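What follows is one chain in structure tokens, specifically the form predicted on its own.
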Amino acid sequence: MTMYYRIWGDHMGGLEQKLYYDNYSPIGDIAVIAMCFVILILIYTSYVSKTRAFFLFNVIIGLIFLAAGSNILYHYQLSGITSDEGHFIVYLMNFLYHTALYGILYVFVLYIIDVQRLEMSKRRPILIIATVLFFVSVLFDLIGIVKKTGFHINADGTATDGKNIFPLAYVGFVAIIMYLMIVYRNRIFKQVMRGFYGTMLVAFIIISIQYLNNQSSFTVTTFLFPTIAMLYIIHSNPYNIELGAINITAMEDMIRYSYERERTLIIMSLYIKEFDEEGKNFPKEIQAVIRRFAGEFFRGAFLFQVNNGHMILLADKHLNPDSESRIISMFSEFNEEYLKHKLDYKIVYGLTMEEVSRNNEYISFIRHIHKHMGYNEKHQITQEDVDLFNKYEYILKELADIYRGGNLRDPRVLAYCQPVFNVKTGRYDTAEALMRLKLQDTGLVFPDQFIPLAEENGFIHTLTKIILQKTCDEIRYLIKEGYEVNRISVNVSVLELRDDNFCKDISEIIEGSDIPNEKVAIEITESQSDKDFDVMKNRISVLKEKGIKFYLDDFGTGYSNMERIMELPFDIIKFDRSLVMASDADAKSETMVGGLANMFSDMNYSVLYEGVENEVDEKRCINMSASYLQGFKYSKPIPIMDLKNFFSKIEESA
């Protein structure tokens, strides 16, 4: 519709009625209202992070809806006026329209401040200016209507804007927004800023063209442009179209949001080993199964993709009071699918737990559970899982602190050892150094609980340096006190050998302790990696030149390549407890183990049997070319300072 307002002006010394027209069509505002509904449908049928910025985004959508609706009603009512009486709705709609526009601009300012995470000292003056501008603009419009200095309807039904503050208020808010986006541009990713700049520029150009052409049909539309940019750039969290999955950031947000509102979630985790590789995607038939399972069994469920082979499904327990029966149904159908595809899996399921939700650690929590599961198993989350995970997290935090501290005599790392019996001399003159942790909240922690953690997180070399330093300290003490010390061995992870500073670190600690290099030995487990083998060979050669001895640890377990062992300049071969046990099975097994030991002995390797528990083991191992014996028969692991109770003083052994 085209609206005509008659206004009077002074022309050539007299009054002349002039026809002023506003080319308004409701199509623009109708489209805006439709777009608001579309945006609401999109954000509430996908998962969007429930942040303060998202709340402000919803407020903006609501104000845009209000502005468009009130503008349509305002023009509709205005088209039928004939006098200045009974036009409350016209005045109200005009006031709501302008107030909504001011409100949108004001909330834009709040939104940008929130996204930029400005400190209170920086946001306070901007908030004060924006708030004053908002209330002054609204008040000016209200006073103009009441006193008829602003928009009003004359006695003959003509309408005039009077003193219209909207253009000034619009420019004022735009100036504040541009100030924020220019001065604090480094607070937001460059590409995001470009998106906002572009949409705001388009909006400003369109609204300027409108005013130059007495047009107002697309005023509210221009406010929608930057709002669409917000939705797309900041709040969009698109699904993986093929799987219906969302990323883990959205998952963490859903857990946080539910935890803050004390809502319990159903959690279902599926890990499929075969697809846990970068770039390896689920085939179409598996995608179809995942889509069906994600949408069929729980109301209001969301599927999240942790990595290629790991999916987590979350659903509100309140919306699924019969979750137990739903889980049973899901597993029943899952078992049928497993028989078709035969893909190795791990399933973890249950309800969210307060202690894990508090720190939003479900991915780490589930991975921790995975370590203690076999494949093709289903595990229901229990309090025991949470307790073990909390202990795991605490140990990891302490390891990180030990690593950062770099104290080679850190009191949390205890040096233990196990004495080794020298068959030739009949005395104890060697030992294997062992590690323990003593932590405030857990007490004594054994290697099987912290060594894998240290290796996974890059802390293992620091622990090795600490135990080496404490071992060297004890060797220096024993020598000073006159004890006979052949050597003490320290275990080293193959992972450490990859560090270019490995040899330097080992040498500096031994030489800095003022003890002979030959008093220290290093135990290494054979590696299956070609790259590690070459590195290991190089590191051993460098340190052996300094007189340091080397043990091949755990011979007889897993993979053993005799050709490679021959290439590495080891001094002692440690036969694992499993070979000691195997040699006791029958005469054939004893002959085989003994034959291996004789072969090494003939090639000038010393053979050490570990895991010797009784006199029968001892006698058999001595008959199988044993040079050294280690095990509970002689001693359990003891604090390293107690080693003097086993070693002999030189005058006693002479």
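The numbering used is simple: start at 1 and walk along the sequence shown. In this text the structure is predicted, and so the values were computed from the model without any measurement.
There is another form of this protein, the form predicted in complex with a small molecule, and it is not shown here; the text below is about that form.
The closest non-hydrogen atom of residue 474 lies beyond 4.5 Å of the small molecule in the model of the complex. Remark: residue 221 does not count among the residues lining the small molecule in the model of the complex, judged by a heavy atom distance of 4.5 Å or less.
Proximity of residue 611 to the small molecule in the model of the complex: non-hydrogen atoms within 4.5 Å are present. A residue is said to contact a partner when one of its heavy atoms sits within 4.5 Å of a partner heavy atom; residue 432 meets this definition for the small molecule in the model of the complex. With the small molecule left out of view, the stretch that reaches within 4.5 Å of it through heavy atoms in the model of the complex is, among 119-127, 136-144, 485-493, 267-275, 485-493. In terms of contact with the small molecule in the model of the complex, the residue from 295, 447, 512, 516 that brings a heavy atom within 4.5 Å is 447. With the partner removed from view, the residue among 72, 200, 460, 100 that has a non-hydrogen atom within 4.5 Å of the small molecule in the model of the complex turns out to be 460.
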